[in-house]
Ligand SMILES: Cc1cc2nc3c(=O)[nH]c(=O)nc-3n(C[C@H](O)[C@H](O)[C@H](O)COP(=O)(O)OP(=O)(O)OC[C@H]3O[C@@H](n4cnc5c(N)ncnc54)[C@H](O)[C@@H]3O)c2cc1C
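Just one chain is shown here, as structure tokens, and it is the form predicted on its own.
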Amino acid sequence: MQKIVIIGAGIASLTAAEALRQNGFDGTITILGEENTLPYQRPPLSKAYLTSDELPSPTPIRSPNFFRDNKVEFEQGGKVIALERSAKQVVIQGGRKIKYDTLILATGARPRPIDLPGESAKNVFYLRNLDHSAALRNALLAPECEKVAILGAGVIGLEVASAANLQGKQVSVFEANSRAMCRVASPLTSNFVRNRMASAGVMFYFNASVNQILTEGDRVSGIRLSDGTTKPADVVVIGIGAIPNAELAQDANLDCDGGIIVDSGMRSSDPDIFAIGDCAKAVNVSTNTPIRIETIHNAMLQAQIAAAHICGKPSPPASPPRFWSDLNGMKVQCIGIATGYDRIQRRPTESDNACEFWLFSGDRMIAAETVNLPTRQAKLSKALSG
């Protein structure tokens, strides 16, 4: 009986397991998760989880019955430390080995660390997992927390800034680039979002280089910019991007370059090993170049593609990447990839609190961005796919 092992316990791995069964795979499926919990949704960790009055329980990706209904073995709390490709087995911390016929790497990504004096002080946070979110929530709710500094104006940084602002904190966002969300949104959308967050009290500092996290004793007390300016802070949150968890693949001599290189079927340089989700670097329909995309939509689509290829079934239709975020009451949604455009068209909306932008390369629309227009997504996605 064929055995598939999936390393990682996020939306990509569960979608892959589900799609394998839907495509008729009748062998064994084992999911290996490093954390001591059932797979949970990560988007709430930087949103509702930080603002709820009572500590919420993690939101499961699937019900506990999912594993029984799909005949999936789930092992939690075991870290995979090595791949032994010649023997087709993975090594769990402690020495136990698990055989596979096909291996799927869904190892995700982790926050990019910052190398600054004071980075290890108390109340300096990164945000990736449940423990990170719980610790940050406790710090934000502490009565002595008044000022919050966010390093990085990407999506995670803005989500945390929004949550802290809603709690009445004095929030300052420091970004090395000239605008917010510069890697995922056009200037018009990022400026729309920034202006509304600024009107709610969030302070933004662009082209700002932080060179030190200041401390008093073992606790953070502020930050110092490269021009010598200091800003007080009771909590500092670092959100300067993510690094793919590709070390297992690299140590096993799989092709890697800013992620695990995969083909159109999500197969790595080893034909028996696939990679999906945040750790994988694949050619995307929107760019026709290898790219790593950190979105739920991408993780699920790549999981379905991998499952189809493993089972010898047709791949699901290609669709443009997308992401969404909730920021100070704004629902921000983007379809496609905001790069390579030469023209932006603003579409009319009925409210000043909403906007819609179409991004073009020549005469071809390559991306669309909306704020507070959630019902537009299906139509815009169809237009881009066409």
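No experiment lies behind these values; they were computed from the predicted model shown. Residue numbers run from 1 along the displayed sequence.
Quick note: we don't show the form predicted together with the ligand, though the next part is all about it.
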{"property": "4.5 angstroms heavy atom contact with the ligand in the model of the complex for residue 360", "result": "no"}
{"property": "Residue 189: touches the ligand in the model of the complex, heavy atom cutoff 4.5 angstroms", "result": "no"}
{"property": "Residue contact check: residue 67 to the ligand in the model of the complex, 4.5 Å heavy atom", "result": "no"}
{"property": "Residue 234, heavy atom within 4.5 angstroms of the ligand in the model of the complex", "result": "no"}
{"property": "Contacting member of 137, 313, 128, 85, with respect to the ligand in the model of the complex [4.5 Å, heavy atom]", "result": "128"}
{"property": "20, 366, 9, 371 - the one with a heavy atom within 4.5 Å of the ligand in the model of the complex", "result": "9"}
{"property": "Every residue of 33, 109 and 323 near the ligand in the model of the complex, heavy atom within 4.5 Å", "result": "yes"}
{"property": "Partner-facing stretch of 95-103, 180-188, 164-172, 241-249, counted where any non-hydrogen atom is within 4.5 angstroms of the ligand in the model of the complex", "result": "241-249"}
{"property": "Residues of 159-181 having any heavy atom within 4.5 Å of the ligand in the model of the complex, listed in sequence order", "result": "159"}
